[in-house]
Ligand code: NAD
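Quick setup: one chain, the form predicted on its own, written in structure tokens, and binding and motion questions come after.
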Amino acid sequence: MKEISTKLLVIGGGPGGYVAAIRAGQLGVPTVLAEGASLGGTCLNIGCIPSKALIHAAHDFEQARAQAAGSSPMGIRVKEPTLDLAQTVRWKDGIVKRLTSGVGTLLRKAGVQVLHGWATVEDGKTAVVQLEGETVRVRCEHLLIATGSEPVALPSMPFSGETGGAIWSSTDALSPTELPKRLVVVGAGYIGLELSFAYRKLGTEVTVVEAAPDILPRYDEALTKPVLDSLKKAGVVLHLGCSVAGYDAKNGVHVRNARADEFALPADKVLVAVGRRPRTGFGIEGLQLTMAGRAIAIDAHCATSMRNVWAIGDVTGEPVLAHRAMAQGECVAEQIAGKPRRFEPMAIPAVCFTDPEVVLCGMTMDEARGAGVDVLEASFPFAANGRAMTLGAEGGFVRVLARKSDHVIVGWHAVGRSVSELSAAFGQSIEMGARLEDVAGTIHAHPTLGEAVQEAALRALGHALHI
């Protein structure tokens, strides 16, 4: 068996793994990255990027249909549009290919050796990588586990989409060969709702089943109500507080409500989106690392319970976010290069790309109360924002939470069209310890949605200008 030695071995080429490898390479750390699938991981290949591409295509198609129906308030009229689904998927795949090939280029530029094969950990210093035609044993000083996460299947409805069956994972839903007439989505978290909106806009009849009494359970009612109203307006049928018991091709999805009444929902396809779990295995269990449930437990350095074994990203549990994994990857690489680093962010923005979008950054009101923080709260509606009006996106608002004692901002929340683009400003203000006065006193360009951020801070101080 061929053997190679390196200072850092990264297992997993997703956002966390490839960023760690690139940064380590930049810092002169000899690095090997092992990835059995495509570089970029779930995010670039079967998650964040392709889902947003499909969501954008669905939005454009819906807009064209509205214009053909004569319902455009701007007076735009077009002939009845048609959808070439195969071309839509090819367009989406083209974006993915450009990004994943770009990752490969960046790794080569940083001097990282990429092994395209599945790795199995032998111990904290050694892994075996099965390549096409040969097996390589890699010995390392530092081992970084960045194996990500995978969709959770229901015992009564195992995934069958890859084999042409009716039960889809989110991966299957991103590469349809044809649009189902009727789609049942199990789970009203961000994955289920993002794809529910996309398929409904493409013309599919969509029904959502959720065990909790509300959609997007982590978010408060003020944030979720605009999303709920939009779902209903779009014609998505909701069954909240209901559980699923199975599926058969004749009757569809078997559902049980809170009163234990059972009924069936006809479905051509069923998308199971009930969450994701850390992807372990690969011999990792042999290391006997301290675990936090299914996730690998790490400290503020992203170090595991074994010396020089690190873990980042989804395999370490919530929040399951690509940008968290990237930041952790950079943190680990710099420590291995001898730099003092800790991973203790003040806030990590979370975005739901629903219609409208939802952003949560920093503390919620409940979290502030639980921590004993006495806060000021203020919101500014997009109905009073000129840019939102020109976009036809007057629903939603920006909300700020700040400590009463010193006006330091501890949380931002927003719901509305394109509010995902505000998330960087939210995170930056919290990381920098900004006060309400800092944001209120910063000149925001007009006309932009960002003015609502300034106005929310002004309103918290008691002198909003445009409401």
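So that there is no doubt, residue numbering starts at 1 and follows the sequence shown. All values reported here derive from a predicted model rather than from experimental measurement.
The next section is about a form of this same protein that is not shown, the form predicted together with nicotinamide-adenine-dinucleotide (NAD).
Visitor: Heavy atoms within 4.5 Å of nicotinamide-adenine-dinucleotide (NAD) in the predicted bound form: does residue 356 have any?
Guide: Contact check for residue 356: no, nothing within 4.5 Å of nicotinamide-adenine-dinucleotide (NAD) in the predicted bound form.
Visitor: Just checking whether residue 318 would be counted as a contact of nicotinamide-adenine-dinucleotide (NAD) in the predicted bound form - the rule being heavy atoms within 4.5 angstroms.
Guide: Yes, residue 318 is a contact residue.
Visitor: So in the predicted bound form, is nicotinamide-adenine-dinucleotide (NAD) close enough to residue 276 to count as touching (4.5 Å, heavy atoms)?
Guide: Output for residue 276 is yes: heavy atoms within 4.5 Å of nicotinamide-adenine-dinucleotide (NAD).
Visitor: Wondering, does residue 242 line up within 4.5 Å of nicotinamide-adenine-dinucleotide (NAD) in the predicted bound form on heavy atoms?
Guide: Although nicotinamide-adenine-dinucleotide (NAD) is absent here, residue 242 would touch it in the predicted bound form, with heavy atoms inside 4.5 Å.
Visitor: Which single stretch, out of 180-188, 87-95, 220-228, 372-380, brings residue heavy atoms within 4.5 Å of nicotinamide-adenine-dinucleotide (NAD) in the predicted bound form?
Guide: Heavy-atom contact with the partner occurs in 180-188.
Visitor: Answer with one of 249, 237, 212, 234: the residue that has a non-hydrogen atom within 4.5 Å of nicotinamide-adenine-dinucleotide (NAD) in the predicted bound form.
Guide: Here the answer is residue option 212.
Visitor: Can you pick out, from 143, 112, 352, 361, the residue that has a heavy atom within 4.5 Å of nicotinamide-adenine-dinucleotide (NAD) in the predicted bound form?
Guide: For this set of options, the contacting one is 352.
Visitor: Taking nicotinamide-adenine-dinucleotide (NAD) in the predicted bound form, which residues along 35-56 bring a heavy atom to within 4.5 Å of it?
Guide: The stretch 35-56, when checked against nicotinamide-adenine-dinucleotide (NAD) in the predicted bound form, contributes only 52 at the 4.5 Å heavy-atom cut-off.
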